[in-house]
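Only one chain is included here, represented as structure tokens and corresponding to the form predicted alone.
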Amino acid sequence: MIPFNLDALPEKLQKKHKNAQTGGLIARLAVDKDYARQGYGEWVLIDALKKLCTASKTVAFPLVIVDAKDGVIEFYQKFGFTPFLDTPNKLFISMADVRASLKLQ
């Protein structure tokens, strides 16, 4: 769990999650250079998101947050992550969006 600045979210999400203070964190997600651009990064991300879905059932949190290195922001955006308004390298996706995209409940 990681704290986040509620004011850095779009206004719609600020209202929806006004009592939220933390989110699930994906940290240091990477694939060895020998296996880059072969789809493994997508597999690892989806696995991490599934595990966060399971964790959020026990410890409720509304968002998944990732601190992306330069050059990989677009990778996360392909999967629906949005940059925080005040920190472009910090991105988020709502747990509701994760569950919908993975067809989980």
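Remember, predicted model here, so these are calculated numbers, not experimental data. Position 1 is the first residue in the sequence shown; the rest follow in order.
Missing here is the form predicted together with a small molecule; even so, the following discussion is about that form.
For Val64, no non-hydrogen atom is located within 4.5 Å of the small molecule in the predicted complex, even though that partner is not displayed. Within this chain, Gly41 lines the site of the small molecule in the predicted complex, having a heavy atom no more than 4.5 Å away. At least one heavy atom of Ala30 is located within 4.5 Å of the small molecule in the predicted complex. Although the partner is absent here, Val72 sits close enough that one of its heavy atoms falls within 4.5 Å of the small molecule in the predicted complex.
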